[in-house]
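The chain that follows stands alone, in the form predicted on its own, written as structure tokens.
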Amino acid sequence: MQVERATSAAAAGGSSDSEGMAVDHAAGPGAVEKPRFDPLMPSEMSGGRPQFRKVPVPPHRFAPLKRCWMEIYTPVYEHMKVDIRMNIKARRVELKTRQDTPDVSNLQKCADFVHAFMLGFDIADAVALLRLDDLYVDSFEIKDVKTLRGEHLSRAIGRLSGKGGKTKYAIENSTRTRIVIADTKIHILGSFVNIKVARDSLCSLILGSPAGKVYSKLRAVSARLAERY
């Protein structure tokens, strides 16, 4: 009985509702028509107020930011439809949604992209955060793995990089990640599974494992990942 009432009510108000929302016409006898709502635009969320993100700029990244500003500005403003500006006084990059921003997640993607550049990643690597959904940035310090001081700390950083960056590049290429070693801080950009593999290799090097042993373990893990995917 209720189904018949709902069907007759939907039929009676069909002319007025058709202007406001789309309706899914369900098949079968006695089926109820369900309204279909389009996703909200960012300008329609939070009472129509724009949403903001602010990314602080460390002092040593001012010069690279100035040099690469147009490479950062173009994908953010033109492709993601998000306003961006540099606040010189507050020393931060400010991002804001626009009326024509297609998706609210674009704002957070742009903030992650700018933050990755501030951490030291190249523009070509960081821009992948705008294009792919399953990329993340993971950061940790050497002291989180093992407390090292003086020459021991310097040697651990040397083991992570290798001669001419050889070890770092080998880990990056085998795990399909990007790694930034900034003093005692380490930042990894990649997918969740690949970040875990790269982090395990870096932790082994910090704990004192020779590079050859880490390479052989990486080869085995990379082969296993290639079989899985």
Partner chain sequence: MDATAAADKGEAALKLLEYADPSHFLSPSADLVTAARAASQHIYSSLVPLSPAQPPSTLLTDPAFDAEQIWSQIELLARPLLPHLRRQLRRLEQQPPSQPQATLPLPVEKPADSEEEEEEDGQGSELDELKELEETDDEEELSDDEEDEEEEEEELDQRAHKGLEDQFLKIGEMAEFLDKGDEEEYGGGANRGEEKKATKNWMAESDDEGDEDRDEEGDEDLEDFEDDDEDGEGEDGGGIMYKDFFEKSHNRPAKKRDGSTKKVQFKEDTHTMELDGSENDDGNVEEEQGLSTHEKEQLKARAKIEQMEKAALESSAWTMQGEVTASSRPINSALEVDLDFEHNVRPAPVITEEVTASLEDMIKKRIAEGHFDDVEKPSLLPSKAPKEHKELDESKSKKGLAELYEDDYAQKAGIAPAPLAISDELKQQANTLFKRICLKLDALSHFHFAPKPVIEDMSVQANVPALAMEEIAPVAVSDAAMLAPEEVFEGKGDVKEEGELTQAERKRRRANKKRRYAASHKERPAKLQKD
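Residue numbers count along the first chain shown, from 1. Since the model is a prediction, treat every value here as computed from it, not as a measurement.
The same protein has a further form, the form predicted in complex with the partner chain, not shown here; the description that follows concerns it.
At a distance threshold of 4.5 angstroms between non-hydrogen atoms, residue 83 is out of contact with the partner chain in the predicted complex. In the predicted complex, the partner chain lies within 4.5 Å of some heavy atom of residue 127. Within 4.5 Å of some heavy atom of the partner chain in the predicted complex lies at least one heavy atom of residue 122. Residue 170 belongs to the set of residues with a heavy atom inside 4.5 Å of the partner chain in the predicted complex. When you look in the predicted complex, the only residue of 135, 107, 93, 116 with a non-hydrogen atom within 4.5 Å of the partner chain is 135. Proximity to the partner chain in the predicted complex, defined as a heavy atom within 4.5 Å, singles out one entry of 166, 54, 185, 34, which is 166.
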